[in-house]
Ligand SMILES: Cc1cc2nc3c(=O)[nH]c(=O)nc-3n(C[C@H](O)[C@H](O)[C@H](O)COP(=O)(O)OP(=O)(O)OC[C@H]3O[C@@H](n4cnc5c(N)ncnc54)[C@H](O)[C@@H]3O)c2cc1C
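Just the one chain here, the form predicted on its own, laid out as structure tokens.
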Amino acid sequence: MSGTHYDVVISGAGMVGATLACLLAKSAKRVAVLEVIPPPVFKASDDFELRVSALSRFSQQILEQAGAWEGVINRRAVAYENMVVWDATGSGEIHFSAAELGEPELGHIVENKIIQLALLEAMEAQTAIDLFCPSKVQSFVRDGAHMVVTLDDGRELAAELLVGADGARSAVRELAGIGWQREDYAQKGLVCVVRTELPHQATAWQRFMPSGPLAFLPLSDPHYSSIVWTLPADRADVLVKQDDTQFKAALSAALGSRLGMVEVIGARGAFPLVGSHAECYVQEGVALIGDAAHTIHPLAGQGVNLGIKDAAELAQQLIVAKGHLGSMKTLRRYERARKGDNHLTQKTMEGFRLLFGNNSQPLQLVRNSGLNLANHLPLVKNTLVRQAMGV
């Protein structure tokens, strides 16, 4: 059998794939990581990036284990201590507070490129990791107990396990012939960075409207927030191109002027919202994690957190495995642990989307009453937020 030998080859050095690589390397597994896109560049004077992630406390703990959290905090991240969610069609509102839980924060808002850079540094500190960039999987075959992976430049790598962490358009998933169920929500997420008249108070603000939720996520400057505004696709396309004066007025009104007038900083973007799920996460010698296995609606910001949970679970199963890392016995333990949770979260987010995106008066009454009732039941409210935090 030709090719350089590794324990695991990971296709994709994004947040999820890099987390898995670091966790495995710390347990003396030899890992090759393939990535097409060169690493991002960051300077402290850079403008805030459009795409951010709301990292849960569980994700923070995993990034600490991976050796990347210090690199996140040493750049810029903001701990959010509160979350306020309310319904635009009525008086329903719920407040979540870290102080009520006896916790220092609910989570952190971090630009995606900062997480990626911190993980790249952590990978570079591990001699057990070889990063191939730019590089991607061209094909793979099983050769006895190993997967032989051919790269786009013709080189070959051999490993017991090939992991697809290469996003929703995963080449590994396609080459493995794993089915993919996809639902287009006919919505887009409009993103931009804004400066608000009033400070964000280390609070994540989310308003549910019939057209979709609007989230203002706090950044490290007390007057700056990253917004994710879910809209019908055609409406999002209009707003992305709208002149600044009209857009600022629409955005301020959409948040109910909670943070005063809004000034847009820099460019706007919009990305399609799609829910999808692989028919299976594993086959002999192959495993899928993160967006290669599932994508969900962003209304609760759980996408990257689910992917990091995938990475943590697969790493744990591979570390304790007694035999072959690519065996179905080992990989099915990972799939059983993660597939149900991911599917439930996906369907729950779709349920919330349908519930809050409905103009029916009876449903408006139910959801407003439900928010207000939950807000006055500390046990229910704190259980919900602890589940989201992963603690």
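All figures in this text were calculated on a predicted structure; none of them were measured in a lab. One rule holds for the numbers: they count along the sequence shown, beginning at 1.
Separately, the form predicted in complex with the named molecule exists; it is not shown, and the next lines address it.
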- Partner proximity in the predicted complex: K136 to the named molecule, non-hydrogen atom cutoff 4.5 Å: yes
- Message: Within 4.5 Å, heavy atoms only: does V149 come near the named molecule in the predicted complex?
- Response: no
- Query: So in the predicted complex, does N82 come within 4.5 Å of the named molecule, heavy atom to heavy atom?
  - Reply: no
- Item | Exercise: N305 in contact with the named molecule in the predicted complex, heavy atom 4.5 Å | yes
- Query: Out of 233 to 241, 317 to 325, 269 to 277, 84 to 92, where are the residues with a heavy atom within 4.5 Å of the named molecule in the predicted complex?
  - Reply: 269 to 277
- Contact assignment for the named molecule in the predicted complex, among G285, G71, P298, P213, heavy atom within 4.5 Å: P298
- Query: Which residue among K26, R336, H343, R51 has a heavy atom within 4.5 angstroms of the named molecule in the predicted complex?
  - Reply: R51
- Non-hydrogen atoms within 4.5 angstroms of the named molecule in the predicted complex: do G14, I37 and V191 all have one? yes
